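Before any questions on how it binds or moves, here is one chain, the form predicted alone, in structure tokens.
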């Protein structure tokens, strides 16, 4: 480790100077927001020194670079994380106290960067943190969304999407790099020109274009002076205003380019339930990929005398899911059309450069684009994909002569669609899943034909999380306790945390651990009271499910069970029942009707339960608005129970499960995704597992499902809960409000398969698992032991370990060392 000393007096002078020169104020007059900017810029000074030194080292050593290409980077707030990784956090806290300021309040002024939404984006953020901390050179490549996905408001129990104006006050950590701007072209047609040597050149004409401007954000490694770069691309029009068009009265045409540029970077994942949304999403993907690929090639040529032939020796593109897969064809386009390479040369470079991470088991989530849209929007790129497909189909036919079914299943272009996952697998040198179970399901189910044809490409990289954000920063009380007991090596080597296991039976350690948990619950209870107006008891069991809202994640199973518990308490007020607070947090995609209806159901149940004085506060339900990284840190720290209840075989990995485990929460879950490996590490006795296995789910699916009406007719409790969806119990003014949810479970009106995600099938097993949770929680020492063992067993689930595996087995990067 190469920690820099912190100069407290200089930092204070820098903050005072920034307040004075930026705002013409002194500290007493400055607002908290102004002080945040002053502190952020003082921190940026320290970051820039290391960033410059890192760039110098890169020039000197010429290491291989990974370009991590992702539609999302869910970074969270930057100030606290940068101070943690500079190892300046405590020093800055003290300096600010001397200036009469509270660092916690100042951190709260920073909006979460609205560059991502779910686990995919948060994983990308953890990976960048680990790459810097381990000393590997990386660029994250994405889009500078002006409004993110959306800010979630809950009004009358419904999700309302409002713009997330995170850039309203600027972003003090970013650097705008106009010198690296790139032109990205859409539409038009491809003309063929022949040069004097008779060689054909493909030229795109009649296109619309935008200028991509990179904005760089520093990614600070922990205590080692390495600063990598998250490069997010903003869009500008080539010509912002066509005066000639305006003078002719063609007002729309006058601002056409400006509107195109504005739209591309406005929103993460525009609603693509309609063609305009699909078109915008494809434009976004190509926009940041084209700019990133062009810049990566330029950078390589600048450092290697303009020769591109060994590009793959110094650059690798990791495609984070199918969204960035167009990078394959774009790299081919640049090599063929701009660098003048022959097909075979370009193909050799491309296939040694691109690697693909699959994040989903469900085939509907593997992106497919209508040919009409794709070829119209990206005519030259489509031509290249056609040629890749033609050659790949010949390869399939050579391997499996006469097997047309193989071609149908594996072709990149088929049935009017361009299949992006197929492009990534056919053209990349590595295909990885993100948990052992997920990778096996890919090999044996979804991508079976590809695995059989090219098994050498497939590998597993179980996801991980950064302990620096989710323990060191998010849970300082526990972080200090861990350091007091085993030292601070765990901060950069999480496997060291296993040394806590010797304290699992120690009564004093158990009391300290549970007291920290209680203090974190008090902190979250205060947040809930401020934001929800609901008083929750920190002595109740905090049972938490926070993640994207999707049917396979089964928030519906959770709330139906809460309805069941409420019925039980009402019917049997005398029964022993340990008070419970069920906490939900989730965004539903704007066009996802059933997910949004589930949010309404959760809030409708909360309204009834939380206002029923007769149950004496035994049960509370809370939906935390606008779930994001900054409030997630508090939620993970406070949770007693972690709900990881996806339908087995549907969750690729999960990383929220790991964050709860790190913070000492007990998992109630199915054997799905990374839960399988977590249980191996902690021991099944330290989790509560229930429900169908992935093999059982897959077997049901292959045989047409099961009949939920049998459960409905034979189980009175389940029938009662379902009837409450349609008899107005939770919607007296509109008894039909939750009819769609009822129909999806029992399928009374359509030919679709009922209860696709096996909610009723797993309901009884889930209810029994909750009884086991209650019994375990009543045994205070036993629970404390489980909680400590969860924290002590999570060493494997650091993103540092995951990244080291990517480096060793896929990327083969070189470490750098930076001294200031």
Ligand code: 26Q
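Numbering follows the first chain given and starts at 1. Everything numeric in this text was worked out from a predicted model, so none of it was measured.
The same protein has a further form, the form predicted in complex with this ligand, not shown here; the description that follows concerns it.
Heavy atoms within 4.5 Å of this ligand in the predicted complex are found in one stretch of 495-503, 116-124, 564-572, 325-333, which is 116-124.
With the partner omitted from this view, the residue of 529, 160, 275, 203 that lies near this ligand in the predicted complex is 275 [heavy atom within 4.5 Å].
Between this ligand and the residues 642, 653, 132, 350, the one pair within 4.5 Å by heavy atoms in the predicted complex involves 653. Taking the partner from elsewhere, residue 552 is found to have a heavy atom lying within 4.5 Å of this ligand in the predicted complex. When this ligand is considered in the predicted complex, residue 463 lines it closely, a heavy atom lying within 4.5 Å. Looking at residue 397, you'd find every heavy atom of it more than 4.5 angstroms from this ligand in the predicted complex.
By the criterion of a heavy atom within 4.5 Å, residue 112 is excluded from the residues contacting this ligand in the predicted complex. Along 356-379, residues 359, 367 each place a heavy atom within 4.5 Å of this ligand in the predicted complex. Inter-residue distance, residue 550 to residue 272 (Cα): reduced by at least 3 Å in the predicted complex versus the depicted form.
Note: residue 271-residue 550 Cα separation is 3 Å or more shorter in the predicted complex than here.
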